[in-house]
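Shown below, as structure tokens, is a lone chain in the form predicted on its own; questions about how it binds or moves come after it.
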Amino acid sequence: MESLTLDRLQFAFTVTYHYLFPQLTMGLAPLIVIFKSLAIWKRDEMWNEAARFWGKIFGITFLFGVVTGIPMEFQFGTNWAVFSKYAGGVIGQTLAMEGTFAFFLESSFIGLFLFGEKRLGQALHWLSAFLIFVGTWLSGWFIIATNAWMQHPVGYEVAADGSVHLTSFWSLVLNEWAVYQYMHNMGGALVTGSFAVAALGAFYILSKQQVEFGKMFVKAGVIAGCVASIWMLFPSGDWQGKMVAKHQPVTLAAMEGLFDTTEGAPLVLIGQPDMEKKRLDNAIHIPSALSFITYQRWDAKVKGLNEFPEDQHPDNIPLLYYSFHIMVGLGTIFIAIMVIAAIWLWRGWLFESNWLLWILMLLFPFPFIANTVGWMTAELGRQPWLVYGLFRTEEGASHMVSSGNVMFTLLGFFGMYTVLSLLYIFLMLRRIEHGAEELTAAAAPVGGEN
């Protein structure tokens, strides 16, 4: 296997594994603030216990996110040194700010939240939870801004040596692509966090452990999950789709399996792209829907893949197509389930409906899959460019790192991350088990308010 392929595989593996943890922490952070706010507002110790409980899960997950994030930073200087030399004058700004501001804000206040409640009092303890949320979501912003510049480069100039330099900091951090991608990404993280809360609540109810807390978790998770799931379809998904149509039309064609330019283009529900015959087999579609969704006209022209030179096509169109449709399919299922659960909750049926509680519990891993294929869609769609329209992927890999070295380290990552996975699962199971023992039915007023 050639070195470039291994470089891409290694980074794809490390970043995919790493993002399993931040998406959960970014999703849990606003929910912890809500739990803490309810504790103070209602003077209800049970919501305080809920905030502490999920704060500990947040802390463990945050630690694993830090550990798995470090190798990616080194890969910029090893496997992708040519790219770092080319674009470091731009993306170095946001990556440095993520580490200097957001990460330290997040890591500092998680310690205060977990261990400083008695000394801080309720008001300052709430503030520490809020600052964790700010740090977590600010960290996401800087990372999204970095990726958005690679998707839609703005605010730069090309230097005499061929590298790019930043000309406008605000253009970088307020990139139009970054705004819409951030709203879509953070909605996806909230889906993960809310589904995790609802799933554990369903487990506690079904196992008859801490049933009252289970009901609290299910209620909070279903309400947040319903809102977040709908948000992912509209408006955030719609906005992000329009950005792709505007700035990466070849990517849109590949995502939809559209080979020929079409007026009144259909929206494909099911089909298999045939790259040899350049067509979509066994397609089931909604006539003219893609044109309307993209351009708000039923007869609008949507460019197909055959409109663009083949050297501008995404490298792996079938994988991009299937990733996009898995993401959309799972998102549709999430909306359906959460809307049903919200109606059942409103009617007072949910906690007695074991079949629906089982669905909520077993649904837990699927937001991770949906977020993963969502990022695959974004990154596969950008290919064959590292910086869209400016710098091709094949130009960015280091010539000093051999394929043997990349394979050796890739196998090492597989081994280490397998161990980390087992350790994380062990710690989570212990937290869930001991958490059931620690959670109490105390309804005493929250004391010590400042």
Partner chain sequence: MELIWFMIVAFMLVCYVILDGFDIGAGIVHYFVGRNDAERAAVIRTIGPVWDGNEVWLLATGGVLYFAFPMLYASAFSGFYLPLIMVLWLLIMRAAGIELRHQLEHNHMWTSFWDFVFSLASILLAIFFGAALGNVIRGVPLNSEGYFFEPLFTHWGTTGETGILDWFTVLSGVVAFVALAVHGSNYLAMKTEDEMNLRARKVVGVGWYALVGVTVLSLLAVMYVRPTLLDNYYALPIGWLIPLAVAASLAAMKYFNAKGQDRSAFISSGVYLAMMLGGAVFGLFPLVLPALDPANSLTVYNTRAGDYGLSVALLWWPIGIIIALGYYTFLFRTFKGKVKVGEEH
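As the structure is a prediction and not an experimental result, all values here were calculated from the model. Numbering follows the first chain given and starts at 1.
Keep in mind the form predicted together with the partner chain is missing from the figure; the text below concerns it.
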item	value
Contact assignment for the partner chain in the predicted complex, among 208, 246, 278, 119, heavy atom within 4.5 Å	119
Contact assignment for the partner chain in the predicted complex, among 336, 284, 362, 96, heavy atom within 4.5 Å	96
Candidate spot 107, 406 and 430, all three touching the partner chain in the predicted complex (heavy atom, 4.5 Å)	yes
Partner-proximal stretch of 383 to 391, 25 to 33, 40 to 48, 65 to 73 relative to the partner chain in the predicted complex, 4.5 angstroms, heavy atom	65 to 73
4.5 Å heavy atom contact, residue 79 and the partner chain in the predicted complex	yes
Contact label in the predicted complex: residue 101 to the partner chain, heavy atom within 4.5 Å	yes
Exercise: residue 400 in contact with the partner chain in the predicted complex, heavy atom 4.5 Å	yes
4.5 Å heavy atom contact, residue 169 to the partner chain in the predicted complex	yes
Contacts with the partner chain in the predicted complex, stretch 77 to 94 (heavy atom within 4.5 Å)	77, 78, 79, 81, 82, 83, 84, 85, 88, 89, 91, 92, 93
